[in-house]
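Just the one chain here, laid out as structure tokens, in the form predicted alone.
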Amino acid sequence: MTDQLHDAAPAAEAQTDSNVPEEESGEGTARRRASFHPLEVSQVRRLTNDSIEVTFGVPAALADEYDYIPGQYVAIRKELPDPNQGGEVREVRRSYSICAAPRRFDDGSSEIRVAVKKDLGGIFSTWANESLAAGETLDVMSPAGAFISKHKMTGLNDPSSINTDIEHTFVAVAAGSGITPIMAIARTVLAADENVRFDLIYANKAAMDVMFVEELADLKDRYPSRFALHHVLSREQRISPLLSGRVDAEKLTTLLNTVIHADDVDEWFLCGPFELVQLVRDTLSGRGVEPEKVRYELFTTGTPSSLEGNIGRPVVEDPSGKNVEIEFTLDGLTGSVKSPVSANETILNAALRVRPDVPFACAGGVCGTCRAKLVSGTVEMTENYALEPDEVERGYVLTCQSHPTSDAVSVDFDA
């Protein structure tokens, strides 16, 4: 997850605002809404010239809050000067995938590791790559997201509970910093079961841009017969023409026909720019791969919304015009706000004007943090890259993309 382009967070299919773990509870799952806590940076490690790995120490008292399933992300909150606003200090929120397998230390504490790649114009990523150091304290949201395996891989984070009676084949396609959640997933499933095979197609511009190059090499050495890594470099010539150049439809088809056993894959993980993820999804769909076997996460759709800090963009109620009554429930408390129809305001923006702790991260329809259930009224969602069809059928919406189409709307963030 990165703050590239408009500093938007990436998205995951079926991401929610739950603080997963999701605990099995008969008819459904128990969800805990993600919340921020101050965590101290224990280490900053340089990965490439423009990327770092940041480790946050999690004290024992908060370890349960930061338990996670490989593939999830955290949002980080920090006040920084905005060069686009004359250096005015404002709050920024950026989401980053967790790159390590879950672990607990003997004293009950744990840690969260994320990778931050510096992107052109990225306020947080630039600051982090240039200035962040051990000892700094940042507000970190408890883990969320559903870019996780649908297989019984954890229970909760117990890799030994994976079904070892059958062989599992996983394939991941990643580009750039899209490798981050894949690292956590690959490390976990390969260590959990000797019957797991994991293939990775990893696209970058050049060898110097490859993140976690040593860790990937270590996985190859540790699991030589079960982990296959295919580096594709778009701006650097490799011995095999297949592994040189941009991953387009023709190259992807060749890769799937020659180096990947595409017809025997239990689950696919796609993470990277929108164009690449969509290309792979379309290609797999054309090959008859069932949609439920494909998990994906996006950097950004390229059209994220802009929220100013944590207060929403300024909107003034129109006493002489038509307003929509927006009611929302959060942490058991119900609030309301009027939104002028002429403003075409999202539910999230309206709610933030009266309650700054309403949950959100990317505001672009791609991370799912602002997920809520529509209790009454009707809305139109501009984008949805985070909710699965069954969630939409059950009435869940992304409030950052939801515009009221009725005179009154009520949503529940606690549902």
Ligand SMILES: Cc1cc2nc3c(=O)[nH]c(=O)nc-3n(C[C@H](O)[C@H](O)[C@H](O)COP(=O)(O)OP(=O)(O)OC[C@H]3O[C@@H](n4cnc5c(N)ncnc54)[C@H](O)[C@@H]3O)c2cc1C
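Remember, it's a predicted structure, so these values are computed and weren't measured experimentally. Don't overthink the numbering: it's just position in the shown sequence, from 1.
There is another form of the same protein, the form predicted together with the named molecule; it is not shown, and what comes next is about it.
A.B. asks: Using heavy atoms and a 4.5 Å limit, would one call Gly121 a contact residue for the named molecule in the predicted bound form?
C.D. replies: Close contact exists here: in the predicted bound form, Gly121 approaches the named molecule to within 4.5 Å, heavy atoms only.
A.B. asks: Please tell me whether any heavy atom belonging to Leu298 falls inside 4.5 Å of a heavy atom of the named molecule, as the geometry stands in the predicted bound form.
C.D. replies: Yes, Leu298 lies within 4.5 Å of the named molecule in the predicted bound form.
A.B. asks: Please tell me whether any heavy atom belonging to Asn84 falls inside 4.5 Å of a heavy atom of the named molecule, as the geometry stands in the predicted bound form.
C.D. replies: Within the cut-off, so yes.
A.B. asks: Answer for Thr188 alone: is it within 4.5 Å of the named molecule in the predicted bound form, judged on heavy atom distances?
C.D. replies: No, Thr188 stays farther than 4.5 Å from the named molecule in the predicted bound form.
A.B. asks: So the named molecule isn't shown here. In the predicted bound form, which residue out of Val140, Val116, Ile326, Leu270 has a non-hydrogen atom within 4.5 Å of it?
C.D. replies: Of the listed residues, the single hit is Val116.
A.B. asks: Can you pick the stretch from 41-49, 57-65, 364-372, 349-357 whose heavy atoms fall within 4.5 Å of the named molecule in the predicted bound form?
C.D. replies: Result for this chain: 364-372.
A.B. asks: Using a 4.5 Å cut-off on heavy atoms, what residues in 34-72 are near the named molecule in the predicted bound form?
C.D. replies: None of them.
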